[in-house]
Ligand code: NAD
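Take a look at this single chain in structure tokens; it is the form predicted alone.
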């Protein structure tokens, strides 16, 4: 049983904690919060021991929450730490708290790649994480792109170049201080956006350029991709590659999927916790092949897509399960779906 400590219990951290708790080969030994808010109380209600920073202990006690200890205490009792803190905080935690302990740490995509020894995506480079001390699960958009490219590459469809255009959600649903605003914002105005170089930290030889804008929505990102393939393939061959790949859901317009909001509504109808959709939501109708050119559109749920990757990263680091065994185990416990089939 792998003992997992989760540092940061916000949008990503709470989802990772619940995903870890659903596994039979690992357990959550505690989560770290810096504010004694409703999320801290939810963590306690879910049975997680709540830890905090040394200078926050009194604040938690005054709020009626008795901390289980400090961040150092959590690191000591954990076999591995998952850092799900805001951008740049993970690097600070590494320098202040993690480096003096001989424990592996998984960081999130908000950190720069050099915070870790390897950037991680389960489909693309599961084996590279074995035995590493510091691993970084790449960001939501990078995860989406890497899954789509890996689906093709793993099934014999070569990719010569990738050009991906991203309409990023303006804010997460709970981020009341960020928008959305009535605007479309180059994010950034320079080319490429950071996503392409980030993909290359995993798929090192891929020719990729990305561009991104932020749009006034909160539910999901939308990617529009143009791929130049290494040969001529039929549309059926491309669709088969996607259908055979875990964590990619082929959504049909004829089945009622005409927008990203309907993807989230489908997650609600399935009874998914928090209406999460960790799969890439690939619109089957958008898949168009012209000679060696492939065009497609897909949605990325920024709040949950990296969650199964964190679970697999734990097993990859410790070498407890082979790649495909881990992916299948994770997907079944989280009841993910592939090509319209949902794990019971």
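Numbering follows the first chain given and starts at 1. All values reported here derive from a predicted model rather than from experimental measurement.
What comes next is about the form predicted in complex with the named molecule, which is not displayed.
- Only one of 200 to 208, 260 to 268, 119 to 127, 172 to 180 places residue heavy atoms within 4.5 angstroms of the named molecule in the predicted bound form, namely 172 to 180.
- The closest non-hydrogen atom of residue 302 lies within 4.5 Å of the named molecule in the predicted bound form.
- Mapping the unseen interface onto this chain, residue 311 falls outside it, with no heavy atom inside 4.5 Å of the named molecule in the predicted bound form.
- Under a 4.5 angstroms non-hydrogen atom cutoff, the named molecule in the predicted bound form has residue 93 among its neighbouring residues.
- In the predicted bound form, residue 85 approaches the named molecule with a heavy atom inside 4.5 Å.
- Residue 53 is the only one of 275, 28, 53, 40 with a heavy atom lying within 4.5 Å of the named molecule in the predicted bound form.
- This chain appears without its partner; in the predicted bound form, the one residue of 89, 152, 227, 248 with a heavy atom within 4.5 Å of the named molecule is 89.
- Along 108 to 130, a non-hydrogen atom within 4.5 Å of the named molecule in the predicted bound form is carried by 108, 109, 110, 111, in order along the sequence.
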